[in-house]
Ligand code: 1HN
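Below you will find one chain, with nothing else, as structure tokens; this is the form predicted alone, and questions on how it binds or moves follow later.
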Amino acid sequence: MTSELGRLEDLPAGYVAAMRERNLVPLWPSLRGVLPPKVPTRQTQATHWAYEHIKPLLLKAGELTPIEKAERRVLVLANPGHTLEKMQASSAMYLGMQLLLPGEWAPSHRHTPNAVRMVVEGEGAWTTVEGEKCPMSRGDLILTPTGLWHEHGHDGTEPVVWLDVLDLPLAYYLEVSYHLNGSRQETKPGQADRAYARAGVMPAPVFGRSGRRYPMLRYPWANAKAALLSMAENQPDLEGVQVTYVNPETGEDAENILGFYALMLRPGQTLALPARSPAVVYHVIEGAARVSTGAQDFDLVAADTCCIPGYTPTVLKNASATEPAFLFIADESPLHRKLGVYEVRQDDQPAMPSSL
């Protein structure tokens, strides 16, 4: 069969007008656009957001707009491939840098999109989720899953910034995105992460499990970093030192649409990753790393973020020959697996950066 399909211009104008009047569109002129050969059409572009550029603008937002006028004071990390107006990093991921100043309170609400918070810098802030008060320290991951009440407050003395990651573009596309405002929450005693603080053990059924869909809401960076360092020491030949943030009672992904991970690059390490179907976000917690696609190289330092489109082989390189680098990663893998479209193309080898 020929690969050259008929064009819309080839059809009589009267025929096209008659179809449009009846809300009909011929498929064949657009077929190659929606079903291209071999590689999907992707609007997501490889994009880098440097924290040194974001922070002064975010702090200025704190001066210009009080929290009462913003509710959530956020600068969106928008991918130009989707246009800045759509405010999305990839087809299913939204990213935003959120600022909370000392003494501020971001009021309680809940919404249909799933969200997580990766703390970038500062101490003294907290997020309360369904009555559980979660302290926020650098590198901590805090879940605010779909439908759960959450609010943010700050008892410290310096600004606190965190990276928001939501599946908002997907919820918006599905026409299910909305929020509800609520009253200030009463906090409950205890923190669930303490019940799951050691690998391989969890509260015994004889005393009753949490019964909650999301039993653990805060994933302290101290625990994740310790796990990575332990893995690296215990398995010196392990090429990829990475942990997945999971539901401790089921072993499934921490949330059901996006996947979240922490990766350690050993001093001087270069890690070549094959092309996979989901888009990927890399955010540096500690250290510095180069993220290379062959066509583009991004040099990331602490608190920098980048997004790489799906089906793109990628090379990660630790910028230091003496210290490890630690990255937080978010991707669309759980969604792709649910849809049955998750794919790894081992034959697509990433091109090594010329400067390595």
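We number the residues from 1 along the sequence you see. Predicted model, so just to flag it, every value in this text is computed and none were measured.
The same protein also has a form predicted together with the named molecule, omitted here; what follows describes it.
Visitor: Determine whether any heavy atom of residue 94 comes within 4.5 Å of a heavy atom of the named molecule in the predicted complex, and answer yes or no.
Guide: It does: once the named molecule is placed as it appears in the predicted complex, residue 94 has a heavy atom within 4.5 Å of it.
Visitor: Should residue 133 be classed as touching the named molecule in the predicted complex when contacts are defined as heavy atoms within 4.5 Å?
Guide: Although the named molecule is absent here, residue 133 would stay clear of it in the predicted complex, with no heavy atoms inside 4.5 Å.
Visitor: Even though the named molecule is not shown here, does residue 138 get within 4.5 Å of it in the predicted complex, heavy atoms only?
Guide: Outside the cut-off, so no.
Visitor: Would you please decide whether residue 128 lies within 4.5 angstroms of the named molecule in the predicted complex, comparing each non-hydrogen atom pair?
Guide: Contact check for residue 128: no, nothing within 4.5 Å of the named molecule in the predicted complex.
Visitor: So which of 154, 283, 150, 276 reaches within 4.5 angstroms of the named molecule in the predicted complex, heavy atom to heavy atom?
Guide: Of the candidates 154, 283, 150, 276, 150 is the one lying within 4.5 Å of the named molecule in the predicted complex.
Visitor: Scan 120, 265, 166, 100 and let me know which has any heavy atom within 4.5 Å of the named molecule in the predicted complex.
Guide: Of the candidates 120, 265, 166, 100, 166 is the one lying within 4.5 Å of the named molecule in the predicted complex.
Visitor: Just one of 190-198, 249-257, 166-174, 77-85 has heavy atoms within 4.5 Å of the named molecule in the predicted complex; which?
Guide: The contacting stretch here is 166-174.
Visitor: Can you list, in sequence order, the residues from 230-258 that come within 4.5 Å of the named molecule in the predicted complex, counting heavy atoms only?
Guide: The stretch 230-258, when checked against the named molecule in the predicted complex, contributes no residue at the 4.5 Å heavy-atom cut-off.
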